[in-house]
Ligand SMILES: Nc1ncnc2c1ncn2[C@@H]1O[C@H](COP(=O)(O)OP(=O)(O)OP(=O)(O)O)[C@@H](O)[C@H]1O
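Below sits a lone chain in structure tokens, taken as the form predicted alone.
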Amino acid sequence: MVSGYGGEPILQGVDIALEAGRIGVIVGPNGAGKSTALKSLFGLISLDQGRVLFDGTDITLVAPDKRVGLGIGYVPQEMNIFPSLTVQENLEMGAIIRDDDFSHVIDQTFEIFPPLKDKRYSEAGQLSGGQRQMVAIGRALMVEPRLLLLDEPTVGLSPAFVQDIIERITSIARSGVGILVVEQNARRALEIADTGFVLAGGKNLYTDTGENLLNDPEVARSFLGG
């Protein structure tokens, strides 16, 4: 993928591939193009070069809302909930494109995120940061996606909530959903990654299993704090 916001492209040739039920993690320094890669995959940014394939179909020119209908969920880092709506209403908004009975998906979401069940009638804006992130991911799950794109899901959270969110992500992947995560907590994220993508300067610097990247001395020194 080659893409950006006008002018010099942010992504200058990034390749990402992920299989169903696998966790991919994108790490790298600030400005490497991590969030831009997710936005490009979801169609929020048009590609200057390259293609986006989903289940073998070219969706490069498909609008973001249509990509949701195909089975791609996207959770941005900011402004990812409706704070004045209840938890239940936020989840229902996530299912707005559905015209069938989705009550079972709400029940499944509460199974994945038990803290939300007791808060289902509370305003989402009154929840803790970790619980708000659960609501945001839960909204994306309402369309029963096959691919989930998560931008910095643990940013600003306490260590306890970081661990909680990481465990929930792993659980979702086990259900068969492919998950691609941009994460600042690189070491912790790579521990659960089937594939890790280290970006720098808008290009793939390393692509390998999470385990191999964690054990690579150069990756550890340059991107994981030693």
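Residue indices: 1-based, along the sequence shown. Everything quoted here is computed from the prediction, not taken from an experiment.
One more form of this protein exists, namely the form predicted together with this ligand; it is left out here, but the text below deals with it.
The shortest heavy atom separation between N185 and this ligand in the model of the complex exceeds 4.5 Å. Contact between L213 and this ligand in the model of the complex is not found at the 4.5 Å heavy atom cutoff.
R67 falls outside the set of residues with a heavy atom inside 4.5 Å of this ligand in the model of the complex. Proximity of G31 to this ligand in the model of the complex falls within the 4.5 Å heavy atom cutoff. Only one of 23 to 31, 188 to 196, 46 to 54, 159 to 167 lies within 4.5 Å of this ligand in the model of the complex by heavy atoms, and it is 23 to 31. The partner is not shown here, but in the model of the complex the stretch 125 to 164 reaches within 4.5 angstroms of this ligand through a heavy atom at E152 alone.
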